Every structure is written in C-alpha cells, then in structure tokens.
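One chain follows as structure tokens, the form predicted on its own.
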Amino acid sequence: MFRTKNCGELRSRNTGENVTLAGWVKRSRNMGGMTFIDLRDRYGVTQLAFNMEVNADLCEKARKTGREFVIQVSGEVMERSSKNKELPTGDIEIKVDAFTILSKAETPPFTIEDDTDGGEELRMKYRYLDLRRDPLQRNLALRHKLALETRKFLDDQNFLEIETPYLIKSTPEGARDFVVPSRMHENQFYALPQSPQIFKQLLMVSGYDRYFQIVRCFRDEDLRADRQPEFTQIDCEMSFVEREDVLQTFEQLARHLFRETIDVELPEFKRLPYAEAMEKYGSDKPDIRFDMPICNLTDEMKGADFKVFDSAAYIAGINAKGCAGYSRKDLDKLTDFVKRPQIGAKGLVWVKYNEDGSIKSAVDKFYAQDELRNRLAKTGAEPGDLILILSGNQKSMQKALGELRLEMGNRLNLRKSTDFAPLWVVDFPMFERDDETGQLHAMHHPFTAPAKKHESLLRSEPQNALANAYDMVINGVEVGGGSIRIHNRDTQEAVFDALNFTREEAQEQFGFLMDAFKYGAPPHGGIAFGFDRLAALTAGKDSIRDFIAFPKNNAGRDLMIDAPATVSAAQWEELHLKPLQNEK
C-alpha cells in the first residue's frame, strides 16, 4: 500500500503507531540538526521529522527534496515538542525511518498556499496546480456535499434522476445556442441544451411525475463572475401540482441543503411580487438583508423650478441612515459610481439631514430648508441621514437606484456573507417588450403558464398578462427559477401567437411538444437551481469559478488546454463545412 493513513487524520491518540503516508511536499525547513517537511494531501498536512544524528543520509535526502515533490514516507507517530494549534494534526509528527521519492517536480509558477502570489490568468493556465490549494479543495468538497444532499432529499421525496440528451435541436428562445455540426447529415446541426426544459415536460407527459437531474447546460453568452458558458443546474419537474406545492417542496430542499452543508437554519421565505420588488429595490432579485427601500418622490420633488426634476418622468431616492457625515469627496465618488455606463444615471442629487437638524443639499438654491425637509418626509429621514436622489426614465432609474442601494449596503457593511435572507419573487410579467423592435419576448420561456385570472389576456392584452412563475432569491442572488407550465395546446398556441410565431414556425420548432399535449398532459411545474451559484452562495463567495474544477475565463477560453482551438482541414471536410480563408 502507498499509504496506511492520510495526512489529515493522525492525532495524539495515534502516538506510537507506525504509519505510511504519501503526498506532496508543501514546504521544508532546514534547522541544522533537524529537517522538517510538511506533507500535504487533500485531507490535510502532517509534519515529518528527520534527525541528522539518527540518520544523516535520510536527512540529506529530505533536504534535497523540493516543493511539490510526491513522496512516500514511513515512520512512528510522535508527540511534537512544539505544537501547532492552527493544524488539526499539530500535536504530532512522524519520525521518518523510510523515504521514497515517487515523482520529482519543477518549481511551481506560483506558491500553492491559501494566499497565493499567482494572478488569476496564471492560476487558470496551471489549474491542476491551483486545485491543490486548500480553498479550492474545500470549495469542491462543499460542491460534492451539496450534490450528495440534493440527491438524498429528492430521493426521499420520490423524485427519479433521469438523464436527458445533450445533442438536441436549436430553438430561437433564450440565449444563443452552442451548435454542433453533424457529420452524417450534411448542413444540419445539433445544439447543446440551454436547459432540459422540453424534455422534462415530455417526461411529465410520460407519467414520470417527479423528475430531477444535476445536469450540465450550455449558453453562448457574455460572461461575468456568476456566469460560465457551461454550467450546472439542479433541474426538477413535478406533475399534478400548483404553485404552492412547488414552492413548499423546494423551500424545504433549500433548508435541507443549508442545514446539512453549512449548519445554517434559513429564516422565513418571504413572498414578494415582481412589481413590488422593482418599486422598492430596483431589482427582481433584491437583497433584503438590509432595508433602505427606494422611495418614489416624483410628486414631492416637482414644482420648485429645478428643471432636472420638473422635466423628469420619475424621481426617487434612498435614505442612507447615519451617512450625513459623508465628505464632498465621498459624495463625488457616489456621483461617479452612478454615472458609470453600466449604471446609467446622468447625475446624483444628495441631501444631508445634519445632526443639528439643518439641511444641506446639492439643490439648496431651489428648495428652502423647511420645504426640503417636508418634501423628503416620505423617506423617513432623521438627523444624521443622507438622501440620495436620481431622476429620469422610471425603468432605468429604478435599476440605477437598485445598484446604488447595493453599493451603500457594501459601504455600510450591511451585506454580511454569513447572513442569509431568502425570498420568493412571484407574479412576473408573462412578456417583456423589446425597446427597439416592439416585439414581445417571453420573460422566462414560452412554456410558462399565465396566472389563472390572466389566461384571457393572452389573446387581447398579452403585454398585461402575469405569469405563474417564481424565482428563489437569497442575498440578492437568483438561486433558482421556475413556473407552472402550460399543459394544453390552445394556451400554448396563444403564447406562440403573442410571440409572433407563425403556425408553421411553431410546428417546426415545437411540434413534438404540441403533439404530445394531444395524448394527455398532466398539470405540471418545476424549477431549476443554478448549482454553481448555490455552491458559491453557501460559501459566502461572489464568483462561481472557484467552485468549478476547470472553468473558462471572461473570454470563454480554457487557458489550460487552450480551447477553443482550430481543427484540421480533414475535420472541416468531414463536417461538410468550408474553412475561412485564413484557415489552413
């Protein structure tokens, strides 16, 4: 055997035992008469001790062993004279009497420590080395635990794990597809699935009333910290359910996962209509760990000959409690923040309600102090508070105020990663209108059922119809989203009509689903959780990359294997494709 114990399990109770360990050299220390090596595997670190007086040859060999060499050692477990309380194995060490180098290693391009000196691009190029670091090993162990507990919970609830295809047909809804040319069918293409949506609905028609899958999905979209071109979902569907059945089931799943993986009991899941979320928080995934709601001041702030406000369709602000002491430099930074292109405001109006009761603002010449105090009473402003106001188009300014609210939450340390505030956002619109074309698009997907009282609006006023859809949001992160599905052909055709699909287009793209509805489709609904996001959230992190073994960078590239890459002319020919002129 290469090892009888791992590097994380030995304790004082093992003193006197003879053991064999194997792993990587984390670091070594030459102390003159003694040499010490910290040996690492994924379970932990154990100190190895070499005594020059006892075995000079062995000690010399240890001193020539470099970082990340793979070694095997045998020896007796001894109590350490100088204990390390920072290590679980810090009370013991191994007095080595046998030493084998299994594999030599070059000096790594960065230090393999918790706080490494390697930049992100460098670490992604040598991802196999980065994965040796403790933080990433803890992250992937947490991900494994989440998957294991997901399967346990859903199995107890009679869900079946069923695989669906990875090579499917491209559809026009949602993000861009990754397409795969077919060698056997000239000029035809598969698409990689953005989700198993249609197949899980067909499984409901097939009578598998509780389905789940921890499944890989693919979207060809611009990337950011919480997006990857390939990602993982916990995908679920249930038959003979209404919205409340789905919410209760998956609220319990979330509670189970947080309890079993990080020992956290989630508080009550609030229910928040989409319209209220946008009005109060400027986001359909609000962070409710802290208050600071958006306050509509359109009526209150007009009529003072301040043209910026008088000409605005919408005026609103947030009350940053206790921030009246902000300096002009602080306020200028906030103004620059809201002017960033991704925020989109043209400027910021601030009002300080000073501790002595006086008012100081950026618009003093338009509003008397008492008048401004009265106009802002709606915000609940008190001495010591700072009111931050934006004006313009309602939709864009709600979004901007939502971002400003989060920025203030960060500055005031109100968004602690160890606090969790879950909610369900419900009553989404069925459709959203493209500002350029005027065309309606499904806000979730075209298989989402309308709210029962809004079914009739699909034919007359589809833009006013609400969907029977829901998102689970925790700490401002959309953890999962789903809906009750359409299960009859007439309603599905009405949705396709609202989306401006011709009958021929609908039949070509989704005819197999429409045909399936002819043969008895049960009422059904489901949800999909972003598994990578869930892992990052439970660990209190923002980026999902460190919870994926081999992620892509912001450009969608795998720096380690240098993908995507060109293929040979023979492969182009086999796929009946013509390479670009500069391809060889």
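If you superpose the two forms and keep the largest set of C-alpha atoms that fall within 1.5 Å, you have the rigid core. Since the model is a prediction, treat every value here as computed from it, not as a measurement. Start at 1 with the first residue shown and count on from there.
Form predicted together with a further copy of the same chain: not shown, discussed below.
Between 252 to 260, 314 to 322, 154 to 162, 405 to 413, the stretch whose residues reach within 4.5 angstroms of a further copy of the same chain in the predicted bound form through a non-hydrogen atom is 154 to 162. At a distance threshold of 4.5 angstroms between non-hydrogen atoms, Pro579 is in contact with a further copy of the same chain in the predicted bound form. A residue is said to contact a partner when one of its heavy atoms sits within 4.5 Å of a partner heavy atom; Phe212 meets this definition for a further copy of the same chain in the predicted bound form. Though the partner is left out of this view, Thr232 does reach within 4.5 Å of a further copy of the same chain in the predicted bound form, counting heavy atoms only. In the predicted bound form, a further copy of the same chain stays beyond 4.5 Å of every heavy atom belonging to Thr418.
Of the residues given (Asp364, Asp330, Asp245, Glu279), Asp245 alone sits with a heavy atom within 4.5 Å of a further copy of the same chain in the predicted bound form. Shown without its partner, this chain lists His444, His454, Lys352, Arg143 as candidates; in the predicted bound form, only Arg143 has a non-hydrogen atom within 4.5 angstroms of a further copy of the same chain.
Applying a 4.5 Å heavy atom cutoff to a further copy of the same chain in the predicted bound form picks out Glu186, Asn187, Gln188, Phe189, Tyr190, Leu192, Phe199, Leu202, Leu203, Met204, Val205, Ser206, Gly207, Tyr208, Asp209, Arg210, Phe212, Gln213, Arg216, Phe218, Asp220, Glu221, Asp222, Leu223 from 186 to 224, in order along the sequence. Shown in the overlay between the shown form and the other one, fitted on the rigid core, is a CA shift at Ser568 of 2 Å or greater.
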